[in-house]
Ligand SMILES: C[S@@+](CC[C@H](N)C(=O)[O-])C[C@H]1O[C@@H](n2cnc3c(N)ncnc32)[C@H](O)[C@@H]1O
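There is one chain below, alone, in structure tokens, taken in the form predicted alone.
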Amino acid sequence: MKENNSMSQYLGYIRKENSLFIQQIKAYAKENHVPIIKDDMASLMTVLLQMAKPFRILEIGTAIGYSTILMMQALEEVVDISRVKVTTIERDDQMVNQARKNIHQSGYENQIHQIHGDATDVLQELCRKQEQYDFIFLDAAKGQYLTFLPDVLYLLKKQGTLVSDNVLQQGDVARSRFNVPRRRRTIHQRMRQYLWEINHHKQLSTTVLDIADGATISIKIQE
């Protein structure tokens, strides 16, 4: 995808500024090369959350807790934040430890439940417990999105929202596999399969947005 620099600069100029704490986490991520959601995606998430007002959220891919805390701050403006519960999954040891520090400093420690483990295993365990969520944010290993989908759909309540990040892979998904570097062809194929599946799945109504590195918004319309 080609980015219009002047438009990006303008939209950045008019965008509402995040809290100082969020800006500090963002600066840490940039300095330490930690992937976090882009500003356009953060703005989209804020609006979606404030529209949906979910009380039970599942995040697959915590990283250092940037998006986790951002979601809580967005909801605090529109709901009783003490009723909000976020379950967030991360497998990387260093990320988990840094996220724990950030979440503790955020003041939302009682509302956020961190799970340190592989998402495939954790999702299966949550399914066995018959957990249900109003809002699920998928931002983990991109090649595993399709693998996660059956469990994600089981965990998502009817009329619940599923948001998937980084689905366009810098435009690679629109290219032939032969125009993609060999080392990226597997993830390219899997993401194309994921996009096809959620766009045609009978339980979902989905739109794909060409913002940041691509995002999908899906509503569960059937059990």
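Note that the coordinates shown come from a computational prediction; the quantities given were computed from them, not determined experimentally. The first residue of the shown sequence is 1; numbering continues from there.
The form predicted together with this ligand exists for this protein as well; it is not shown, and the discussion that follows is about that form.
J.: In the predicted complex, which of the listed residues (37, 163, 156, 191) lies with a heavy atom within 4.5 Å of this ligand?
T.: None of the others qualify; the residue that does is 37.
J.: Which one of 152, 72, 119, 103 is close to this ligand in the predicted complex, taking close to mean a heavy atom within 4.5 Å?
T.: Exactly one listed residue reaches within 4.5 Å, namely 119.
J.: Looking at heavy atoms inside 4.5 Å, which stretch does this ligand contact in the predicted complex, given the options 105-113, 73-81, 87-95, 124-132?
T.: Only one stretch passes the 4.5 Å heavy-atom test: 87-95.
J.: Given that this ligand is not shown alongside this chain, does residue 61 nevertheless sit within 4.5 Å of it in the predicted complex, heavy atom to heavy atom?
T.: Output for residue 61 is yes: heavy atoms within 4.5 Å of this ligand.
J.: Find out whether any non-hydrogen atom of residue 136 is located within 4.5 angstroms of this ligand in the predicted complex, and reply yes or no.
T.: Judged by the heavy-atom cut-off of 4.5 Å, residue 136 is well away from this ligand in the predicted complex.
J.: Would residue 144 count as touching this ligand in the predicted complex under a 4.5 Å heavy atom rule?
T.: Although this ligand is absent here, residue 144 would touch it in the predicted complex, with heavy atoms inside 4.5 Å.
J.: Given that this ligand is not shown alongside this chain, does residue 140 nevertheless sit within 4.5 Å of it in the predicted complex, heavy atom to heavy atom?
T.: Although this ligand is absent here, residue 140 would touch it in the predicted complex, with heavy atoms inside 4.5 Å.
J.: Heavy atom within 4.5 Å of this ligand in the predicted complex: which residues of 65-83 qualify?
T.: The stretch touches the partner through 66, 67.
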